[in-house]
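Below sits a lone chain in structure tokens, taken as the form predicted alone.
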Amino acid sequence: MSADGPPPGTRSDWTIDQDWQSYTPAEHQVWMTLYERQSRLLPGRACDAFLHGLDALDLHRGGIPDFSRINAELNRLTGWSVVAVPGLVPDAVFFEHLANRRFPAGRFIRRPAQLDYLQEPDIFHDVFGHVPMLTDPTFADYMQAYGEGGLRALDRGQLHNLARLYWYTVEFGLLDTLQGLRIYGAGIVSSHAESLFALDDPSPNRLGFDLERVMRTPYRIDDFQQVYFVIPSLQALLDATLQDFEALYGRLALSGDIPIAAIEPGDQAFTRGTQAYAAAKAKMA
């Protein structure tokens, strides 16, 4: 990936053709294996908005989804579309796509030996994990607002704080419902192991969402999370993001990070985790 611009064969906005016809039967089978495993696991764990999105987009039909097919329904529901990109894209490009209701997705899929873990997001994580939530009007508005906020954060040099908001909501967020905690974050719903860990394991803290608290909290990129933040509703998440961030960024510039496993006096603790998993992994390191 070039630091000065998109790689050869990529458009100026870093998009490429999905080239759906080039997927092999083996690649389609990987998608089906992952889809069937997660679709069996997620009822009663994933939030209703995600499950409704799966149904609306019919993501199991014919293996790896053809973006042109799912975009017709996605655009009808919320005005969003999925665009193929060659891999991770620069922050400014990513935010520009979100701000214009385009979700950038990698077109490659993991190999059969990588079903349970892949370092770089593939099409299963990006499309199965992220896109169903984009059928929900409130969450779709949140993602657009996040993209617009990202473009502003780049100018302030506080992108690391905003990245934490994305991580703890879009990727690893939990939702409080009358039926109990439910998953809506893509990093959880696309992972068989973390779909279990995030809701069932006694190790992580599960804390009530507070925007400033979240943006002061580092995260794990290489293992299960030590803390998950729980939103009361998708509307509450959107409302928090639509506030003026100028004063917030000023406070964040003066305040320090909160240790990842800490529970602060003002936190709403759904679960006070044992942190046993993280401690065991630290001993093995």
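Computed from a predicted structure; not experimentally measured. Residue numbers here begin at 1 and follow the sequence given.
As for the form predicted in complex with a small molecule, it is not shown, yet the points below apply to it.
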Counting non-hydrogen atoms within 4.5 angstroms of the small molecule in the model of the complex, say which of 245, 35, 224, 219 makes the cut. 245
May I ask you to choose, among 80, 146, 108, 167, the residue with a heavy atom within 4.5 Å of the small molecule in the model of the complex? 146
Any chance 142, 152 and 241 all have a heavy atom within 4.5 Å of the small molecule in the model of the complex? yes
Residue-level question: is residue 175 within 4.5 Å of the small molecule in the model of the complex, judged on heavy atoms? no
Answer for residue 162 alone: is it within 4.5 Å of the small molecule in the model of the complex, judged on heavy atom distances? yes
